[in-house]
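The chain below stands alone, shown as structure tokens; this is the form predicted alone.
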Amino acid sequence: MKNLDFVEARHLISRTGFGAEWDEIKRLENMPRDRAIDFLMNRRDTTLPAVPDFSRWKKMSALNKDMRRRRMVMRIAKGEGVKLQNWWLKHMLETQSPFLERMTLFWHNYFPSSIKKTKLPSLLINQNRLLRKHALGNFSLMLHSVAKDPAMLLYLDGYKNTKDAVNENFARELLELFTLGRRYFSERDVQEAARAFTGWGIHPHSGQFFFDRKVHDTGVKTFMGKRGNFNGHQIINILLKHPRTAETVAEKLWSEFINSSRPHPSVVKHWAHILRSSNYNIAILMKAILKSPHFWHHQNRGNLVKSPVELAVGTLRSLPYTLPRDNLAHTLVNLGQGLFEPQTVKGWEGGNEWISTQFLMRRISLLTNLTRGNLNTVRRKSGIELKLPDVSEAELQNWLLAVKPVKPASAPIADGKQRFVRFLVLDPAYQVT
């Protein structure tokens, strides 16, 4: 069994967590590849920061019914939303199992919900816990749970869906984004699925999922070529049996962990088969992905643009820089990835969208601010200089960059490690992983 060298350990750590943390890389260096992957996947830090005080469903629901108080609802939601974002960021910065958190972030973008639409951080934090619970668990259970999640019912208007006023929003996104993809269903399928989900709502007092039989359509539906008196659970089960559902998951995982280009259909089918044959066990699929030749191929290194979370949180976890924690949530919003604030129902598009002209300037500004400080530490080493690993210029470069720097070194290590590290962090190559 092949043992990991430093560069391979760095690739594994940076792709499965937040940043290339030196100590974590050294921990995996010289470890057999399969054992290193098992080690990362078995680390489960489920200890979360203290939950901030959030307004309850009953209070916010009552305020929202009063036209004169809706501005107050928005103001409360905005303030509590910042607390929610900082709560999750604190965990990202401190967690001992970054791979689990990276997967939670992936599913947060797969099943997005927005503060602006739901106006209830108290529900969003519960959704966040749900996604973390299933992040490396069972996709089937997660899909069923998300469909009944109050935050999702609010975000996609599922709570408004009744037999007398059918709302198709959730049914459409279930088919188009969560399972099959746009080309694999008809408008009739959306309409019939929406009928099956009628009556799925939120209890007016508890804020929990509530099925109201009185407003559920009990008529026969025709969905994906099948006829029956289907309910929402049965619709989801039909979708889970369709090959395209597992293929959709496989395609999105390829884009997250391998390459932003389209995967070969044979790879998608193979990964989808692994997922379906394991009864949708996410951990089994992720092990197969991380052990695959595609993950380790040299052409698939340094070809993914770091998301704002990877860039900001990864830099703060990897290097001894500081940023006021209360500013981090706002920073991510400016970089295009405000947590619990997806761009659309499709989530964040990612890829080259992260480095548009507007966002790239802000990313560089963030890194410039983080790396500022007294760089004249050659004569008297102190502060950041002492916290950096005492290694050669080449080793520092292999640590911080997935590919060779674009610009020629303007500050050799002889001028101080801090100055050289700043050069690496500000190089365009630092933007990719």
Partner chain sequence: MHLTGAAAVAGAFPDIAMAAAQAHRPRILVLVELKGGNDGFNTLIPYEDANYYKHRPKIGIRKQHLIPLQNGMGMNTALKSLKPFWDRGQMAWIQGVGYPQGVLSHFHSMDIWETAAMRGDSTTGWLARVLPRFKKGLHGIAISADQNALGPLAGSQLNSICMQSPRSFLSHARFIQEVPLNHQTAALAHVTKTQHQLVDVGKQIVESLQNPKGRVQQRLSKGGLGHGLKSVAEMIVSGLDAPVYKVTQDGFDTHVGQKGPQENALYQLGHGLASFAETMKQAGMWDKVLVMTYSEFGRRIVENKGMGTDHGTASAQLVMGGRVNRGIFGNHPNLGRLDQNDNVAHTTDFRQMYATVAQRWWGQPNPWKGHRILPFV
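Numbering follows the first chain given and starts at 1. Please read these numbers as outputs of a predicted model, since none were measured by experiment.
If you look for the form predicted in complex with the partner chain, you will not find it shown, but the lines that follow are about it.
- Just one of 205, 71, 291, 133 comes within 4.5 Å of the partner chain in the predicted complex, counting any heavy atom, and that one is 71.
- Screening 91, 273, 216, 172 for any heavy atom within 4.5 Å of the partner chain in the predicted complex leaves a single hit, 172.
- Not one of 2, 5 and 42 comes within 4.5 Å of the partner chain in the predicted complex, counting any heavy atom.
- Heavy atoms of residue 231 never reach within 4.5 Å of the partner chain in the predicted complex, leaving it off the interface.
- Although the partner is absent from this view, residue 50 stays clear of the partner chain in the predicted complex, with no non-hydrogen atom inside 4.5 angstroms.
- In the predicted complex, the partner chain sits within 4.5 Å of a heavy atom belonging to residue 361.
- For residue 407, a non-hydrogen atom is located within 4.5 Å of the partner chain in the predicted complex, even though that partner is not displayed.
- In summary, the region of this chain contacting the partner chain in the predicted complex, judged by heavy atoms within 4.5 Å and restricted to 329-337, 136-144, 245-253, 192-200, corresponds to 329-337.
- Of all the residues from 352-370, those having a non-hydrogen atom no more than 4.5 Å from the partner chain in the predicted complex are 352, 353, 355, 356, 357, 358, 359, 360, 361, 362, 364, 365, 368.
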